[in-house]
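The chain below stands alone, shown as structure tokens; this is the form predicted on its own.
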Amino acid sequence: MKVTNIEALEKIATEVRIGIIEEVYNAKSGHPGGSLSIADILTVLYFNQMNIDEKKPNDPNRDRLVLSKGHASPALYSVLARKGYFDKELLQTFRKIGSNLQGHPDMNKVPGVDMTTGSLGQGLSASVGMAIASKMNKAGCKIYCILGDGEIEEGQIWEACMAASKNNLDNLCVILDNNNLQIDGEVEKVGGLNNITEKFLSFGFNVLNINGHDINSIIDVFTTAKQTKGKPTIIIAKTIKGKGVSFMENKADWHGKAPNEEEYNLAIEELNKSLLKE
């Protein structure tokens, strides 16, 4: 069922963030920063935008989501559990030996995961292939792909962009998690990556810029993307790494480490307070 109430979506996004923190804390490893930054985007996609049915995870006519930045799997798992693809109790097994919920998502083990990812730069190529197949089959599927801004330093991203533009893939919508931080620090300092909007424009994309934490804006921009014809769309979502947990926000240190018990309790307390306000 499509959720249209903004406050309800904000509440779900906060619950998703709580799930992220619990997963990483219980595993004593994982990537909280970049998972927290895409919680709002994933919430809108799965609860408001995508043509999906959690009871039919392999429906050939469903929309697809490729989490190219696969290390942000805690966010995807948390959303899928809340959507009903699997029991929320399984989140406690994240990264445990024998668990299907590994550090990077596996499409053969987790219902709702549309592509196995983890090797950065490859998810967009897979998404382009899916979008071409949907065009050929006249299936009408929409393909969504989430990239990290550090990830677009990979050359394969730009090869995929050329293919997407050449094939007029207006059924492809790319979302860039533009939090400007990667494992080694600020993206612009590490890779010298700037003028992102101009780069994607030069590759023939329809480029849209939004605040990646404003639910209204996220809904509106996906509507605009669906109306775009003849070219692929990229949504450059300005986000905050670690969003929702004050001591994690805008800190590259939280790219890939788990909170200790004290930090975990503080994070959950903050998120629960946010939940009460919503």
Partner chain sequence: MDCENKVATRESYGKALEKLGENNENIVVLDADLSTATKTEIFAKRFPDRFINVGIAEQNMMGIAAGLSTFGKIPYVSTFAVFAAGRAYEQIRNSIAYPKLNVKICATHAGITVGEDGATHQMLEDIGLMRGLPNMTVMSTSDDAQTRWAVEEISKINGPVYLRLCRMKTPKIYNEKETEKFEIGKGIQIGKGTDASIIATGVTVAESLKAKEILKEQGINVRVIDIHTIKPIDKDLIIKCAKETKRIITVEDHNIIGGLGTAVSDVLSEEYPVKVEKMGLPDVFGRSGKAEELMRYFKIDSTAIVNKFI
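Residue numbers count along the first chain shown, from 1. Note that this is a predicted model, so its numbers are computed, not measured.
The next section is about a form of this same protein that is not shown, the form predicted in complex with its partner chain.
I need to confirm a contact call. Of 165, 93, 178, 122, which residue comes within 4.5 Å of its partner chain in the predicted bound form, counting heavy atoms only?
Contact residue from the list: 122.
Find the only residue in 79, 101, 128, 187 having a heavy atom within 4.5 Å of its partner chain in the predicted bound form.
Result of the distance check: 128.
Can we say 240, 272 and 276 each have a non-hydrogen atom within 4.5 Å of its partner chain in the predicted bound form?
Zero of three within 4.5 Å in the predicted bound form.
Where does its partner chain sit in the predicted bound form: which of 113-121, 85-93, 197-205, 145-153, heavy atoms within 4.5 Å?
Single hit among the candidates: 113-121.
Is there a heavy atom of residue 97 lying 4.5 Å or less from a heavy atom of its partner chain in the predicted bound form?
Judged by the heavy-atom cut-off of 4.5 Å, residue 97 is well away from its partner chain in the predicted bound form.
Residue 160 near its partner chain in the predicted bound form, any heavy atom under 4.5 Å?
Flag for residue 160 set to yes.
Mark residue 230 yes when one of its heavy atoms lies within 4.5 Å of a heavy atom of its partner chain in the predicted bound form, and no otherwise.
Looking in the predicted bound form, residue contacts with its partner chain do not include residue 230, since no heavy atom lies within 4.5 Å.
Evaluate residue 106 for contact with its partner chain in the predicted bound form, applying a 4.5 angstroms cut-off between non-hydrogen atoms, and reply yes or no.
Looking in the predicted bound form, residue contacts with its partner chain include residue 106, since a heavy atom lies within 4.5 Å.
Across 52-67, which residues bring a heavy atom to within 4.5 Å of its partner chain in the predicted bound form?
Residues within 4.5 Å: 60, 64.
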